[in-house]
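Okay, so we've got the same protein chain twice, two forms, each given alone as C-alpha cells, structure 1 and structure 2.
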Structure 1
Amino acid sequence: MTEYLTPLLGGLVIGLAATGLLFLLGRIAGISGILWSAVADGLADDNRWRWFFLAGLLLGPLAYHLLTATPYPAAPSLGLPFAVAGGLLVGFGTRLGSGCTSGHGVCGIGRLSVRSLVATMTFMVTGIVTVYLLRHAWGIT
C-alpha cells in the first residue's frame, strides 16, 4: 500500500500546483503549451511568467531530491535513436493536439473538457499499444 502513497502524494501536489496557477494567474498549467509559447514569444513582458514557471519546473525536482535526500532516478536506459524519435513525436504530437498529460490530462479533465478527455484516452491507448509493440510483439526494447 505504501508504494502507492508516494505517487498519490505526488499527484496531489501536481494538482495543487495547477490549482495555484489557475487561481492566481488564471492560466492552465499545460507544460507543452507553456514551453512552446515561452520559446516562441521570447522575453516579452506578458510572456515572462512562463519562463519563471519553467525555471520552477526544473528547480522543484532539484529541491525535492536535495531536501529529502532521495537519489535521482536511474538515467533512461534507452539510447539516442529512441530519445530522438520519442522527442520528435512528443513535440510534434503535443503541439498538433494542443496539449499533453498536464494540459489535457490534469487540467482539461479537471475542467470537464470533453476534448481533453478524448485526447487523454487517445494518448494513453497509443502509449500502451506502443510499449506492447516495442516490448512484446517486436521485442525491440
Structure 2
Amino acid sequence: MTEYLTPLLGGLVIGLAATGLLFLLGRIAGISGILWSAVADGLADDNRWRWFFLAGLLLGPLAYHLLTATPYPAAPSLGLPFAVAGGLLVGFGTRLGSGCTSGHGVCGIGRLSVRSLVATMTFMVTGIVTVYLLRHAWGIT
C-alpha cells in the first residue's frame, strides 16, 4: 500500500498547485508556456512567479530525495543521442499541440476543454505505441 502513497500525494500536490495558480494568479500551469514566457520576458516584475515555479520544479524532487533518503532512479541506458532526439521531438510536439502534457492533461481536462482531452488522448496513444515499438517490436530497452 505504501508504494501508492507517494504517487497519490504527488498527484494531489500537482492538482493543488495547478488549482492554486489558476485561482490566485489566473494562470494555467502549463510548463511549456511558463518556461517560454520566463525565458522570453526575463526578470520583469510580473514574470518572477514563473521563475519561482520553475525553480520549484527543479528543487522539489531534490528536496524529496534528500528528506526521504529515496534513491535516485537509474539513468536510462539509451544514451545521449536518444535523449536529445526525444527532447527535440517533445519540443516539436509541444509547439504543434499548442501546449504540453501538463497544460492539457492537468489543467485543460480540469477545465473541461475538448481540445485538451483530444490532445491528452493523442499524447497517451502516441506514448503507448512508441514504447511498444521500441521495446517489443524493435527490442530497444
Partner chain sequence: MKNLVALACGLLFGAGLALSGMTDTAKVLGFLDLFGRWDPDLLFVMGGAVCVTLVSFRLVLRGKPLLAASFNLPTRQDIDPRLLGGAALFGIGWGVFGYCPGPALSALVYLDMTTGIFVVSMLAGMALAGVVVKKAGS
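Think of the rigid core as the biggest set of C-alphas that the two forms share within 1.5 Å after superposition. In this text, all values refer to a predicted model and were calculated from it rather than measured experimentally. Here, residue number means position along structure 1's sequence, counting from 1.
> Only one of the two shown forms is the form predicted together with its partner chain, so please name it by number.
Here the form predicted together with its partner chain corresponds to structure 1.
> Superposing on the rigid core, is the CA of L88 displaced by 2 Å or more between structures 1 and 2?
L88 C-alpha, core-superposed: shift of less than 2 Å.
> After core superposition, I'd like to know whether R48 moves between structures 1 and 2 (criterion: C-alpha shift of 2 angstroms or more).
Yes, R48 moves 2 Å or more.
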